[in-house]
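As structure tokens, one chain now follows by itself in the form predicted on its own.
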């Protein structure tokens, strides 16, 4: 089956290509390739051996009965490879096909890099394809809406400034029933920790803010959150190809931390936001090092638990399995530390999926694919069949996943494939099992 046999109607893609001509496409493609890619893209395009080693790495290929059109090398050939072969001159309909592949049939998870004998980074080639699509104005409607929200409000969910602070006040009031002295300190200068979240938390996952406040309060951490824009560390612009806005977002985030003179930023349980900070957005902004030290919550929770700042009154009943988020495990190497945290928290075995750690299968939601919205949902969940098979084979009932996108993707997967499993953040378990401070 080729891409034309599985085209999905999306208003953003359709309206985008309606404004294109072959001349405009060629001019834009060549401007991006000559102005932004340098030797890296050309090298990857020329050294691919067409050996097929990458095929078994891709969950789209595995979940679609080994359809070769889903192989990473094939997806490159159908997109950026075709542009290079034709000096950027292709039709608007071809751009539609390429955009669907780049935005919705590759999670940019980089598993295939580990299988390639010469290290071709297919994710880099796919995100270059997305960059071209962004320049052409051809992006899926739903993810473009989140990018517009970032541009207008510096958060991806259109959360208004007063809505943000009201939500924090609301969670503080709720938590004080359980922890009478708890505060969510706003704009506190010189704090040890600046705790940052992604916009879905104040919008529809407020319990995570409640739990984080409870954990930080119990551990007696000197912490703060910003009252002004810059608090949302998420970055869908990185995935649409709007790199200019991605750079503004990272700069705003770090500037809000610098303004408060905090010692470090602790990021919540999100994978893609961490990727934007440590690997992509920071480089676009031109920083060799972070302006403010940053740690992911997996590292932070490890510190709290191993240093005795959080003690447990009970352990979470196991056995459990876990989802290794691509961006913090394959990208950052936190797989062992994640397992150390789980062993402290769980009474029982960690039952590994057949593919784990840096070889873990993606949840099929990352890379902005889940943010492409309802038009692509069924195709996204179908691509998670291989993951569902691995999860079912563990025989356990609990998945621990320290990543928002993994939660979203696995929620749909558990439902679709009737796995009967629950999904937990690390914060869910710590909050449930930790010793409360004396009042």
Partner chain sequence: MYGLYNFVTGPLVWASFAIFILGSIYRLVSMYALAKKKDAVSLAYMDWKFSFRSIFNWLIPFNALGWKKNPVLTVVTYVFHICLLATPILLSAHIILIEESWGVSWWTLSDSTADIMTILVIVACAFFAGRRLYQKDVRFLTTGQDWLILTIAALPFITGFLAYHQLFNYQVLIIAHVLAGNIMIAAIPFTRLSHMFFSVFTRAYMGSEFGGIRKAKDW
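Positions refer to the first chain, counted from 1. Treat the numbers as computed from the prediction; the structure is a model and nothing was measured.
The next section is about a form of this same protein that is not shown, the form predicted in complex with its partner chain.
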Checklist entry - Does residue 111 make contact with its partner chain in the predicted bound form, using a 4.5 Å heavy atom cut-off? => result yes
Checklist entry - At the 4.5 Å heavy atom threshold, is residue 190 in contact with its partner chain in the predicted bound form? => result no
Next on the checklist: Given that its partner chain is not shown alongside this chain, does residue 397 nevertheless sit within 4.5 Å of it in the predicted bound form, heavy atom to heavy atom?
Outcome noted: no
Next on the checklist: Can you tell me if residue 118 lies within 4.5 angstroms of its partner chain in the predicted bound form, counting non-hydrogen atoms only?
Outcome noted: yes
Next on the checklist: So its partner chain isn't shown here. In the predicted bound form, which residue out of 391, 414, 401, 48 has a non-hydrogen atom within 4.5 Å of it?
Outcome noted: 48
Checklist outcome for this item: The listed residue (252, 339, 77, 263) that reaches within 4.5 Å of its partner chain in the predicted bound form by any heavy atom is 77
Next on the checklist: Contact check in the predicted bound form: 205, 248 and 377 versus its partner chain, with a cutoff of 4.5 Å between any heavy atoms. Do all three pass?
Outcome noted: no
Next on the checklist: At 4.5 Å between heavy atoms, only one of the stretches 218 to 226, 152 to 160, 67 to 75, 316 to 324 reaches its partner chain in the predicted bound form; which one is it?
Outcome noted: 67 to 75
Checklist entry - Across 218 to 254, which residues bring a heavy atom to within 4.5 Å of its partner chain in the predicted bound form? => result none
